[in-house]
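Take a look at this single chain in structure tokens; it is the form predicted on its own.
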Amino acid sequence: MQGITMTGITKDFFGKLALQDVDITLKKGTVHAIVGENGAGKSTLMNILSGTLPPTTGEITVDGEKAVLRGPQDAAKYSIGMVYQHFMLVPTLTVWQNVILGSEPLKHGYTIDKSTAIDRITKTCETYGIDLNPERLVGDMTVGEQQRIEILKVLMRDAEYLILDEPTAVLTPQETEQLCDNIRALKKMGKTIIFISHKLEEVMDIADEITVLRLGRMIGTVPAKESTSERLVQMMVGRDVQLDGYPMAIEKGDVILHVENVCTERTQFSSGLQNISFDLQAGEVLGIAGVDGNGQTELVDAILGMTRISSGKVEKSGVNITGKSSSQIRNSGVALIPPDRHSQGLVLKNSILMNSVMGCEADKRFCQGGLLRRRGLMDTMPTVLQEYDVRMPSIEAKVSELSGGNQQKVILAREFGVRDSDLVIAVNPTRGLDIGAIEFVYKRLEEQKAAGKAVLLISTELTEIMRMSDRIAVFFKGRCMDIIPRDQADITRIGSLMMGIQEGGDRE
């Protein structure tokens, strides 16, 4: 049989089953998508297929031959290659240098044969319709171009089966469309694509078949043409989930956040902010769209006093907070959902209880005479954590013992349920969460908006920005390209702005 068959695949991590008796058939020359919530077993299954992990039990056959995959080198012998979500490139090297790493052609047995390397790369690019300049420095290239390098690396090693792990997670809409065109072209050439993604509309557009995993078990495989997003969500979660729609209509109030001509210094790793200006009103969500690394982090740091503003000013509720300390700004009524809950939102070795009041220890409910009162904590926090549906073995358990979704709920409970605020800054608030947890975060953000708070939403998920935002500001290299009312926003226009292209086709 042509294709890959995985039969009875089970993976046991010290008594915890990540996969249990999974059967899946990947037909030759097709695009096969694998979807599921976080923890469903998608990555574990693909790591087994790519040779990174051995299965506890089970069998794999490739083109009818039983395959024993003890490492990526074994997988390569069976023409299996994996393109990881986080690229493995050296930014200070050129395209051709990155592509040949680990399989360098040699001249006279000891020096790298550059001309042979470039010739091979050029021919492979021509064969598969990949547009890349071998001499360009990788650090100067867009995310989409860097991804094409990763795909080229796999194709250069004669892979017939390509595993793409969340390949569109950091791409603009136009780059996503180009990737899908490349995938269709590879399929026409007989390649088999295994496509891991959580973007269901994208999956239904590109795949021939879709396999759904839930909690390490295979729920089923369905033809993409017969699928709907509702059906797939039901298979993934076991219930209906509503993530689509438009932002809730709320009457806007006073300006809570005023940012005027803010600039920050350029550094080796950042273009800084360049004359950023906007107002954010009570009862409004302003979404900041853009590919990661285009000034979103600098904006949050500037507002929170964590980086120096070289010119311009930031006002909160009419008060100039430029130059104030981060703690002063936060205590003026700013709730924050940080981008990385592990390194910025929680202290993993501390208890759930202490994490739930971190930064709010001076609250009179908890503090007396400069000391935390356990009785005050226990009078309040169990109820708050229950309200935010934090599922925990014990309030004294380490927060590291919780799932990602429950860790994020601890942060929401602290920032929304404990901290007194009128401004919410949410940075990629659903990153790494499953569909059910995403729905929960959306609901809580809308509650903050309905309560008359101003919400600044920074997200690399364009569907999230479109779903939640009343207005959308698009960032590119530290500049605000435009601010668009939601009813005038469309994916094509926003995607062009994310690439630095103004209306009319002019590139910044």
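One rule holds for the numbers: they count along the sequence shown, beginning at 1. Small disclaimer: the values here were computed from a predicted structure and weren't measured.
Below, we refer to the form predicted together with a small molecule, which is not included among the displayed structures.
The small molecule in the predicted bound form comes within 4.5 Å of a heavy atom belonging to A40. Remark: N406 counts among the residues lining the small molecule in the predicted bound form, judged by a heavy atom distance of 4.5 Å or less. Of the heavy atoms in H198, some are within 4.5 Å of the small molecule in the predicted bound form. Not displayed here, the small molecule is approached by A18 to within 4.5 Å at the level of heavy atoms in the predicted bound form. Stretch-level contact check against the small molecule in the predicted bound form with heavy atoms at 4.5 Å: of 439-447, 60-68, 468-476, 31-39, the positive one is 31-39. The partner is absent here; in the predicted bound form, the one residue of P393, G238, G190, G323 having a heavy atom within 4.5 Å of the small molecule is P393. A single residue from the set L423, L402, L377, A117 has any heavy atom within 4.5 angstroms of the small molecule in the predicted bound form; that residue is L402.
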